[in-house]
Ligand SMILES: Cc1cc2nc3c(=O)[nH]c(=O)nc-3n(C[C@H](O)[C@H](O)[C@H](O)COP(=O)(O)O)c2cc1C
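Just the one chain here, the form predicted alone, laid out as structure tokens.
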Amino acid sequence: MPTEIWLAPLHGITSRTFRNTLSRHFGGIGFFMAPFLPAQTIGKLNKRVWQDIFPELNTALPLMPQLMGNQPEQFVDTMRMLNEQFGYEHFNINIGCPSSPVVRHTRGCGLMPHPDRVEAIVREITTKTTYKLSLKMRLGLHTADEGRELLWRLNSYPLNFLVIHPRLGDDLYSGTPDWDTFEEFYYLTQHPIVYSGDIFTVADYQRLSQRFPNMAGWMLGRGLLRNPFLAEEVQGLPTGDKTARFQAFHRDLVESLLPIRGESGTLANLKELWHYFANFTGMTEEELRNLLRINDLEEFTLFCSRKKEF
């Protein structure tokens, strides 16, 4: 049994609407990590982007804000304001996002080749605040030596845990994860690790949990989108009638999105999600292409409901 299962933060996908709807229909998840928010200094804080983490709109499961930036004072100022306004006391720093625009601006995984800057950020937060702190990272941006250097430097700081994805930033999400190097990191760090990456089946989880038995938690992202029952299956929970449950979830998601995003925004969100849902529902590539061509929400949802058994 895993210690904890987390929902991974997928920017633009795992919004509060998706998280809340998911929690109403599926179990097995213990924590949510919110997609990243920009870390900004006091004079530049944009509070409009904070709506996704309003506590009154996130009552289903414990939620941890994630921040992205590249300057120590940005993180300290943003954390203090989020703590004062919403009471958040545990924050995650994203130094793992491999998106090219993010990396070009020395944010996300673009920070990993700059250990001095990462250490300065961690030092500033841990000396000027009492908040709990964790980092989400990869093995490195270009080479695993970047990750090794960071782990060695971070061992002396009071981090709650590290979330580690077993790929380089240059790899994006392609190819086979480097579990041998991840194993090296597993023993190199003195901090607890939450594993993230390429758990698509119960067999994937079982294989990894046998190899890494002391993991502090397991983060499910793309695997959970491809199979919304995955957390329940990993936890050994009964799943019941999967077809009826998924269809109820999908109807609820549409009804929840509509008042917030309107028909066009809801349709755009659903199209992104169905790149993943198609796997679970057994939709062929041709069927998925036909679905994504539909630009009417009612027609789109009718097409989705035609699959009667999963």
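Quick note: we count residues from 1 along the sequence shown, nothing fancier. Every value quoted in this text rests on a predicted model; they were computed, and no experiment measured them.
Note that the form predicted in complex with the named molecule isn't included here; everything after this is about it.
Quiz item: Only one of Glu119, Asp171, Asp198, Glu233 has a non-hydrogen atom within 4.5 angstroms of the named molecule in the model of the complex; which is it?
Solution: Going through each option in turn, the one that passes is Asp198.
Self-check item: Contact assignment for the named molecule in the model of the complex, among Met219, Leu162, Leu208, Leu154, heavy atom within 4.5 Å
Solution: The residue in contact is Met219.
Exercise. Go through 33 to 41, 244 to 252, 53 to 61, 260 to 268 and give me the stretch that gets within 4.5 Å of the named molecule in the model of the complex, heavy atoms only.
Key: Only one stretch qualifies here: 33 to 41.
Quiz item: Would Thr281 show up as a contact with the named molecule in the model of the complex if we use heavy atoms at 4.5 Å?
Solution: No, Thr281 stays farther than 4.5 Å from the named molecule in the model of the complex.
Quiz item: Does His11 make contact with the named molecule in the model of the complex, using a 4.5 Å heavy atom cut-off?
Solution: The answer is yes: His11 has a heavy atom within 4.5 Å of the named molecule.
Quiz prompt | Contacts with the named molecule in the model of the complex, stretch 260 to 285 (heavy atom within 4.5 Å) | solution = If the 4.5 Å heavy-atom criterion is applied to the named molecule in the model of the complex, 260 to 285 yields only Tyr276.
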